[in-house]
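The same protein chain appears twice below, in two forms, each given on its own as structure tokens and labelled structure 1 and structure 2.
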Structure 1
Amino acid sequence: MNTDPDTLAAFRQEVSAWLEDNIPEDPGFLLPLTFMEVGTDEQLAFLVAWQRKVYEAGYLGMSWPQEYGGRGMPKVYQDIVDEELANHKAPIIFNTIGLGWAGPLILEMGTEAEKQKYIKGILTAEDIWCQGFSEPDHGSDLGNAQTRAVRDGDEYVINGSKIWTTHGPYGKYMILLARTNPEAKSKYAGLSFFLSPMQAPGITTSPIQKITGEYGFAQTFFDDARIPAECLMGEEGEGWKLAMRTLEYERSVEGGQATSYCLTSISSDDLIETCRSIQRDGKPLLEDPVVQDQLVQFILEEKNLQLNNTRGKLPDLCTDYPLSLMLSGKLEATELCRRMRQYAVSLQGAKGGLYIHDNDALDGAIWQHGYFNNFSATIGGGTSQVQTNIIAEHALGLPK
């Protein structure tokens, strides 16, 4: 497939035109900024329809093989789509656990049967996926997962509980990490990986109310739940390996994701606009030199991140600490976001005290809401404090 600049430019034009015609109108309720924020049925219905529309237009899973529902095109096409989705501030493509984690894993490590069974439903949003890694008592310590899976004839019997199950109540399948052998020589070797149905008997979910007041996560309970034995992916004992591979898709931009567009970014551009619209001492806040100084610093840090991303692809410029850019991206991005959002709330004058259901709230209280939601990013997937340890130990070589 052609990837010369002119062809790509024409393709970008085409996508942009399609988006202008097809991005849905404001539905009148709060749209999730990230896939983790889907908390109501109306949000879900809206996002399912939107994902399907994008898929049917040919703009999703573009680099996935045609025989399973993809388009078999070079990845650069999907990158262009993702960039244009961002440029147009399109609604998110929400089925992220499927598109970004389960899908790439199945395509890379799965059997032919698994590919046939699962891939297309991920793309069409017919099958919503959720993730079952974390457990209530072992937040930062995945290897210690205690949910048990015991083989019983053609089934596994599952007992235990998983937490932070995004899309739990809507999920058709779960990528599930469970312990098949408590006596294994290492705790890691006792883990297995399942592509588990969510509708099996004995599986229930209980929604978790978030700090924002909304829903979007669940706790999943397994109470003698029985799932078919063929749900085991790979062999027993390979769970840790498969889970780690999955997390690599999460951490890297360069995985096999069907799309990497899973959030509507709020960036320093929006912060600038916010400062233009707020009055303080009778003038737009953007004219305040102290505010300007802080905004410039945020823009600079944001640009650092973007440039680090580019530099990470030039190994000759990464010889000092070869792992540092790869390991520090999540920490920097999520912490910068947190600081920017907290700052944006502080700028709003009395309106900073308003919240999402107030019509007078600035931009629908996007900053307040975004600040709170952002904790899922500085806590989930390894807290910022744990991330910093990892960077210290693996990039700098400091002792544990």
Structure 2
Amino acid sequence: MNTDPDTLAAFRQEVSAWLEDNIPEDPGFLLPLTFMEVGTDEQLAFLVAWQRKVYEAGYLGMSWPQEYGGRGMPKVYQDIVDEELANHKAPIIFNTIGLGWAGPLILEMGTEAEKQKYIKGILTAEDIWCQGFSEPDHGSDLGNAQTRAVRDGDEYVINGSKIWTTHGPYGKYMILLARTNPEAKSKYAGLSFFLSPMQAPGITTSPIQKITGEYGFAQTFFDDARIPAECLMGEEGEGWKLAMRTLEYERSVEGGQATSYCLTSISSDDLIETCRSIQRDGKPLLEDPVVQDQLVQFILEEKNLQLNNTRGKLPDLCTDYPLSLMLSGKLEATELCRRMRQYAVSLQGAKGGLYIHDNDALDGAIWQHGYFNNFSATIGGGTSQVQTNIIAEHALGLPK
């Protein structure tokens, strides 16, 4: 399809007009700011219906192949849709683990049967996906996963536990990393990767209440759970390779996601408006020169992230450290959001202690809500500390 500027501008207008007519009204209950906060059946039903509506309009998975439910168009069209979703502050597209991680992995490395079985359901939200990587006793040491998968005829028997399972109670499928060979020459060689059903007997989930009060995470238990042997993706022992590729999609090091709109953006523009509404000594806080200086710093960092994203797609501008920009994007973005939201809360003084259900909270307590939830972003997908080590070792070549 044509990607000349006039065609893309017309498409942007089309998307904007559709959103103005179709963004649902306030449902009367708290909507998640990120895909990691879906904790009630009413939130789930609302977001499933919204994702399906966006998909049926042709605005989801636009660059995915037509034979699996996508539209087979250049990625720039999906980029425009995502930008307009953000501009219109639309509800999030929540099925992120399917749309952003499992789906691209299956399209790249899956069999034809796997593509036919899984991709369309990811796009329509008929099939919700969750991730079974982290374990209670091993933190960020993913290579030391101990959940066992033992082959028994045409099935694998799974025993163990996974933690921080986003969408676990609602998931139909899980991307699961499990140990099939505890005697392998290295801990990495003993791991295998499964596209596991969640409704199998022996698989249960227990929701985890977060500091925000909601239940966006869960712990998943496998007690002699039996799943079909065909759920194995690739070969036994290839789990580490597939998990690392999945993390590249999760951290946006690689493209191919059906959408990137999985969280509600709270930007420096929103912080500026908040500073207009806060009064100090009878004047808007925005007139304080110290506050102005900090706002400029946030604006510069935001612009830097945007420019780095563009620069990272131009190899000639990344010759010194080719991987540095893509590897650092997740770290820089999540830490910027954390500091910006923390700053917004601190500006509110005593009112910063008010929270979501308090009618006196500023801006509906969106800054408090966002600040608490941002910790899941600085931990999930690799903690900020782990990300810093990755950049040091793999981008800058520093010793371990």
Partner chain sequence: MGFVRYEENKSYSMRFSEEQKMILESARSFCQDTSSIEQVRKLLESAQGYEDNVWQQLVELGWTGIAIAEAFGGSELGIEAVVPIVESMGRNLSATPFISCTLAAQLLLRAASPEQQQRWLPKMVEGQIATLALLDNEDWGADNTTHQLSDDLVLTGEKWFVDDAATAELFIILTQYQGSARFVLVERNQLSEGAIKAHALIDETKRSAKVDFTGVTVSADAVLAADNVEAILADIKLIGALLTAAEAVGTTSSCLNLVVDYLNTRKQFGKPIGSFQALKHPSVDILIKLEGARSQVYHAATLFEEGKGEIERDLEIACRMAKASANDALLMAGDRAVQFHGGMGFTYECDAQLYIRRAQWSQQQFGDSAHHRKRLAPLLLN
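Since the structure is predicted, the reported quantities are computational estimates derived from the model, not experimental observations. One-based numbering along structure 1's sequence throughout. By rigid core we mean the largest C-alpha set that fits within 1.5 Å across both forms.
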| item | value |
| --- | --- |
| Which of the two shown structures is the form predicted together with the partner chain | 1 |
| Core fit, then I23 C-alpha moves 2 Å or more between the two structures | no |
| Core-aligned CA shift between the two structures for A392 (Å) | 2.3 |
